[in-house]
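One chain comes next, on its own, written out as structure tokens in the form predicted alone.
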């Protein structure tokens, strides 16, 4: 029986780095073609390992993948099809910055096989967008969204952020109202985190402008209500979808299914191993097919470590942990291992008992990192 596999392709190029972003990317576009060639070489090197797998999701992320011409995206997808057995119904997502899109390249991405688009709006307030160093405006975003519809995209995600510096509840509500009125199939909704090595993280004045925990609590709960009232079901802490439009690829991460990453900074969970590549484009281009020279991390997790990872990612899902599935995968009794540690959080209604197992309440999702640090054994 074929095993299902997800593929992640990292495109580490941006026109300009956003002030909050800690993802690996560079602004030197002179090596785009060389990078694409290296990606394709690395993909082809996995041919001997590809047997027995059916690829049913591909995610092209970044960076800003939409800085790559459609022809290069087509070459990458062709290499994947030549190397792996790809499902006829594969979900192929590509992230895109609205400031980089036009009708011609959108049509080219569709022709190459991209059938799901993820557009980074972040905010519908032009002042907030400028503060974030985004290269687009609200108007630019709307033009890109409508162009994508005209070019045939019927599965579009919008990325939104909350807890921005100086953001009010009303401005966030206005952004949510704007986003749901456009009718995307999926909305990703993330709270801003100050990463130390970013411009925001290095600016001591930013932290004092971030809404406090009580304000963030209200922002999150009211936003969840707004989206669910508009027909978007929350299926993960930060993700909301219309019926049947959940992101198939991201569900692989939260179900602890297998996926392969290609490109610098990409992560993989494949054949019982977890590994990532160094955040270095030039090193990648020079050594794309010699993985030993690219590894940043490489581990073979124990069964106990995998079980803990399963619990950690599983609690991100709104449906939570299925104890029967846990027992089938790890031969372990979930209640025997975790019930005592979970009891204080159940009593405070941060964890809820379900017919299948356990899940976090909305309040629990807001403090999920703390809860997991208390119940997990690493």
Partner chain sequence: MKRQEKIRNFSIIAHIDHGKSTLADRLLEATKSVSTREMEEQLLDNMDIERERGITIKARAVKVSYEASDGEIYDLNLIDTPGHVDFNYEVSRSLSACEGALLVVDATQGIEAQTLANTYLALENDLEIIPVVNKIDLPSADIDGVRHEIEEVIGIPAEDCPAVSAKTGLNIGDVLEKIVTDIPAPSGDEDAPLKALIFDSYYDSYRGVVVYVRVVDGSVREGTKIKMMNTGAEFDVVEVGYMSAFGLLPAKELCAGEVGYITASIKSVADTRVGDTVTEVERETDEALPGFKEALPMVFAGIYPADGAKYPDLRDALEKLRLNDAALTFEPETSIALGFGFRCGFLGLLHMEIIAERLEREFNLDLVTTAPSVIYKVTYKNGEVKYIDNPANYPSPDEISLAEEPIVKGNIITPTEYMGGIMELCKERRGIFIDMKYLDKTRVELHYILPLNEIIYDFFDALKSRSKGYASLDYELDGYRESKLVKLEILLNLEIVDALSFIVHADKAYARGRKIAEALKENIPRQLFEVPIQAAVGGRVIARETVKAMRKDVLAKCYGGDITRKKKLLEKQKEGKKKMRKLGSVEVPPETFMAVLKLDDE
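Since we're looking at a predicted model, the values are computed, not measured. Numbering follows the first chain given and starts at 1.
Another form, the form predicted together with its partner chain, is not on view; read the next lines as being about it.
Trainee: Among the candidate stretches 321-329, 60-68, 40-48, 346-354, which one is within 4.5 Å of its partner chain in the predicted complex when only heavy atoms are counted?
Mentor: It is the stretch 346-354.
Trainee: Quick check on this chain: which one of 133, 238, 87, 198 has a heavy atom within 4.5 Å of its partner chain in the predicted complex?
Mentor: Filtering the options by heavy-atom distance leaves 238.
Trainee: 284, 145, 262, 259: which sits within 4.5 Å of its partner chain in the predicted complex by any heavy atom?
Mentor: Answer to the contact question: 259.
Trainee: In the predicted complex, is there a heavy atom of its partner chain that lies within 4.5 Å of any heavy atom of residue 365, even though the partner is absent here?
Mentor: Flag for residue 365 set to yes.
Trainee: Can you check whether residue 191 is within 4.5 Å of its partner chain in the predicted complex, heavy atom basis?
Mentor: Yes, residue 191 is a contact residue.
Trainee: Verify the contact flag for residue 220: yes if a non-hydrogen atom of it lies within 4.5 Å of a non-hydrogen atom of its partner chain in the predicted complex, no if not.
Mentor: Contact with its partner chain, yes.
Trainee: Even though its partner chain is not shown here, does residue 56 get within 4.5 Å of it in the predicted complex, heavy atoms only?
Mentor: Residue-level check for residue 56: no, no contact with its partner chain.
Trainee: Is it true that 126, 169 and 361 each have at least one non-hydrogen atom within 4.5 Å of its partner chain in the predicted complex?
Mentor: So, no: the whole triplet misses its partner chain.
Trainee: Check each residue of 213-228 against its partner chain in the predicted complex and list those with a heavy atom within 4.5 Å, in sequence order.
Mentor: Contacting residues: 213, 214, 216, 217, 220.
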